[in-house]
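Presented below, as structure tokens, is a lone chain in the form predicted alone.
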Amino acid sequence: MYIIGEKINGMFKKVNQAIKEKNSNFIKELVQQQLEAGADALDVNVGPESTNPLEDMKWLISTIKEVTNVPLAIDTTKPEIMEEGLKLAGEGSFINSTYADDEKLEIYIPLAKKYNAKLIALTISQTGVPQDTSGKMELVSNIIQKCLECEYNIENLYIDPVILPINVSQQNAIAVLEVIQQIKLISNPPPKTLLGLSNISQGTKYRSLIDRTYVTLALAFGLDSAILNPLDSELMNSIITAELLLGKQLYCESFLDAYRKKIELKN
């Protein structure tokens, strides 16, 4: 599974403080920790408390680029900040993210094409987050149709069916799994699927347990990618083991160590 590390986010207190103080050493260490734990890409979000989000985003990306060239997911709701972030991040990075409304897609699809970026599209519209499978799939169809109209490569499209906290909507968790499965059948080639995994456990007592159990289910339904906490070793072990049992990794007695050896070689 393609893993996007979630930790460089100004919503976390220590990251927020590092951004305010321009503490590049803290950010660089957090980058290395996530990559060593198995992240393939890194989400970059300055957080809601930033008083100068454009300059903070530019500083974060420049700081990260000093230690790695992995793809970055530029996480902002402002198109002007997104474009500046993509300029610095380089080709192959991610737009995180767009809603499924036409007016949003008409902004972000051309931006993705211009910078050869991957596009994360959420099954959210002006009316909110659909709770059932059919409502989500209707938005999925609209996203794909707009991409085809704009001649955007569907293989670079990542659709997030939007998981809600389990203590808010249990039915939504089931619908998301069904959508992940159905997306594989909607086009050829199909878009990829992605989850902001930690949303499902938000506000609950057993966050790590819920996250790792749900991602195992999602992998069995065909999940391709997730934005998650790679520093949660039990979560990462569950992902590695699930992929082993699904035939995506070769078995050996030390399969966890073997997987991590691959990470070391990759980095």
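This is a predicted model, so every value here is computed, not measured. Each residue number is its position in the shown sequence, starting from 1.
What comes next is about the form predicted together with a small molecule, which does not appear here.
(message) Considering non-hydrogen atoms and a 4.5 Å limit, which listed residue (52, 208, 233, 199) is close to the small molecule in the predicted complex?
(response) None of the other options qualify; the answer is 199.
(request) Scan 56, 224, 43, 40 and let me know which has any heavy atom within 4.5 Å of the small molecule in the predicted complex. (result) Checking each option against the small molecule in the predicted complex, the one that comes within 4.5 Å is 43.
(request) Name the stretch, out of 165-173, 120-128, 182-190, 78-86, where some heavy atom lies within 4.5 Å of the small molecule in the predicted complex. (result) Residues of 120-128 come within 4.5 Å of the partner.
(request) Decide whether residue 194 counts as a contact residue for the small molecule in the predicted complex under a heavy atom distance cut-off of 4.5 Å. (result) Because a heavy atom of residue 194 falls inside 4.5 Å of the small molecule in the predicted complex, the answer is yes.
(message) I'd like to check something about residue 255: if you look in the predicted complex, is any of its heavy atoms closer than or equal to 4.5 Å to a heavy atom of the small molecule?
(response) Although the small molecule is absent here, residue 255 would stay clear of it in the predicted complex, with no heavy atoms inside 4.5 Å.
(request) Would you please decide whether residue 11 lies within 4.5 angstroms of the small molecule in the predicted complex, comparing each non-hydrogen atom pair? (result) Yes, residue 11 is a contact residue.
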